[in-house]
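Next comes just one chain, in structure tokens: the form predicted on its own.
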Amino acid sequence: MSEESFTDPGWLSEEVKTGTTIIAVTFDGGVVLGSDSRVSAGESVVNRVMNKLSPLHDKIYCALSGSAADAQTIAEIVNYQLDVHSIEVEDDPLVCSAATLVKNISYKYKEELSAHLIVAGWDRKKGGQVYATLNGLLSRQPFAIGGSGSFYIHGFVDAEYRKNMTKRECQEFVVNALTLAMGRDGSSGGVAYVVTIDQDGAEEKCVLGNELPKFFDQ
């Protein structure tokens, strides 16, 4: 038989495309994070209800995008390091410290890992904070979005975001943004996970598909 008979099919060497939608926004006194729940590999949906909001500490969470395995690994490493750090200093870690750890790992292994994490939380010094981290980038922002679904909602978040929104307004802002992204992006879908963090701790909520708001195109 010729050597051509043993050539691997083209799809084996193609990059597997993944998709998601993640968002985090600050309010006066805390932050709200949100994500969809669909995990995709190319054209296939491999998990319909994955929670992409991972705790790094009691009042610090991260939103995961990119390769699920890579992002979860980074979150688990940082979670362990923050636990050790909090024991050493006998106090809760700062949100910036958590974001810096994520940034350092992302930069050190930028050639091996494919992950983008948004870190958000509350601490005693600076209150609610949102940090975008990507391949060594560390940028504090009033809100941040990521994943394939974010391309469909840039206009929405730019138009609807306002400074000094209340907790309730931020929660509605996050759910509306996720709903619009899931309606347009084939790689985003399922339910909406929302985490609200303030000085009292973290509150997790799952918004089922039939409970999501309806928009004109739906």
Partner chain sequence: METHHSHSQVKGVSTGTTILAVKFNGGVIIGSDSRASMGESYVSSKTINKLIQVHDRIFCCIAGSLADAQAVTKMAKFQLSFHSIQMESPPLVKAAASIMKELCYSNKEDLQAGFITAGWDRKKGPQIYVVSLGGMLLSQPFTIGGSGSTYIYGYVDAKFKPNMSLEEATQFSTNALALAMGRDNVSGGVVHLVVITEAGVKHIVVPGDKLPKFHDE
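Residue numbers count along the first chain shown, from 1. What you see is a predicted model, and the numbers here were worked out from it, not measured in a lab.
A second form of this protein, the form predicted in complex with its partner chain, is not displayed here; the remarks below concern that form.
Taking the partner from elsewhere, every residue among Leu134, Phe143 and Arg184 has a non-hydrogen atom within 4.5 angstroms of its partner chain in the predicted bound form. Among heavy atoms of Ala159, some come within 4.5 Å of its partner chain in the predicted bound form. At the 4.5 Å threshold, heavy atoms of His154 reach its partner chain in the predicted bound form. In the predicted bound form, its partner chain sits within 4.5 Å of a heavy atom belonging to Leu180. From the list 121-129, 143-151, 72-80, 92-100, the contact stretch for its partner chain in the predicted bound form under a 4.5 Å heavy atom rule is 143-151.
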